[in-house]
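Quick setup: one chain, the form predicted on its own, written in structure tokens, and binding and motion questions come after.
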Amino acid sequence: MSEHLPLGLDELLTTTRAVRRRLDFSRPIDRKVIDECLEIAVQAPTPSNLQNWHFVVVTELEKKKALADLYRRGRELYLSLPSAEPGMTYREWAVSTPARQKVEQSALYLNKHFEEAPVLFIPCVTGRTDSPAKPKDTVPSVLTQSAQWGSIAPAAWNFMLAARARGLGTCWTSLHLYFEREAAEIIGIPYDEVMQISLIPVAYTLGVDFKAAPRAPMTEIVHWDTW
């Protein structure tokens, strides 16, 4: 077992943050550390014991650069779209409050340095939920989607928690998925059968003093017995 932080369980669960500006791009990651995180990832629960997950670990610089470029293209596209605020694009929304400006500065930093992360981690799942697999098929039902996402998402989160426990930071990103087929070609994923769910940079963190984040009051988001 590699050296890891002496984190209590509650601290681990409440301080595993989306890390961007505090990723240490100068420090390499030993493969055995990633292997340990992967072993923990596959201990996640999986519906009907499907275990229909795959994980792509990218360390080759040219492939990281190509994926980073897709992420940047996706981010530009996303920022140009209308936001939930009437008359405001996501680019305008991202700087409309001090709190959002802080997040946007963090996002800009990651955008600039994405390929410098020692590892890019891509969780994948067999079976697509965005369109029929064959002309005779129907679009997957909510139940089918739940089974697919309910298998791969916990596994990916297990990986991120294990990474945090070993002094690594991660950040769930998905903007490269605007160009998922291109990403699949870069790393040889069979696009029609296997769906990528995120592109996660992994690096040691600058400092380990992460804290719980502000969240909405439980009274606003928890519903007992009725909505």
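The structure displayed is predicted, hence computed values, not measured ones. Just count from 1 along the sequence shown to find any residue number.
A second form of this protein, the form predicted in complex with a small molecule, is not displayed here; the remarks below concern that form.
Q: Among the candidate stretches 174 to 182, 31 to 39, 188 to 196, 49 to 57, which one is within 4.5 Å of the small molecule in the model of the complex when only heavy atoms are counted?
A: The contacting stretch is 174 to 182.
Q: Would the small molecule be touched by all three of 12, 113 and 204 in the model of the complex, meaning a heavy atom each within 4.5 Å?
A: Verified in the model of the complex; spot residues all out of contact, no.
Q: So in the model of the complex, does residue 121 come within 4.5 Å of the small molecule, heavy atom to heavy atom?
A: It does not: once the small molecule is placed as it appears in the model of the complex, residue 121 has no heavy atom within 4.5 Å of it.
Q: In the model of the complex, is there a heavy atom of the small molecule that lies within 4.5 Å of any heavy atom of residue 107, even though the partner is absent here?
A: Flag for residue 107 set to yes.
Q: Hey, in the model of the complex, does residue 213 get a heavy atom within 4.5 angstroms of the small molecule?
A: Looking in the model of the complex, residue contacts with the small molecule include residue 213, since a heavy atom lies within 4.5 Å.
Q: Does any part of residue 22 reach within 4.5 Å of the small molecule in the model of the complex? Heavy atoms only, please.
A: Residue 22 lies outside the contact set for the small molecule.
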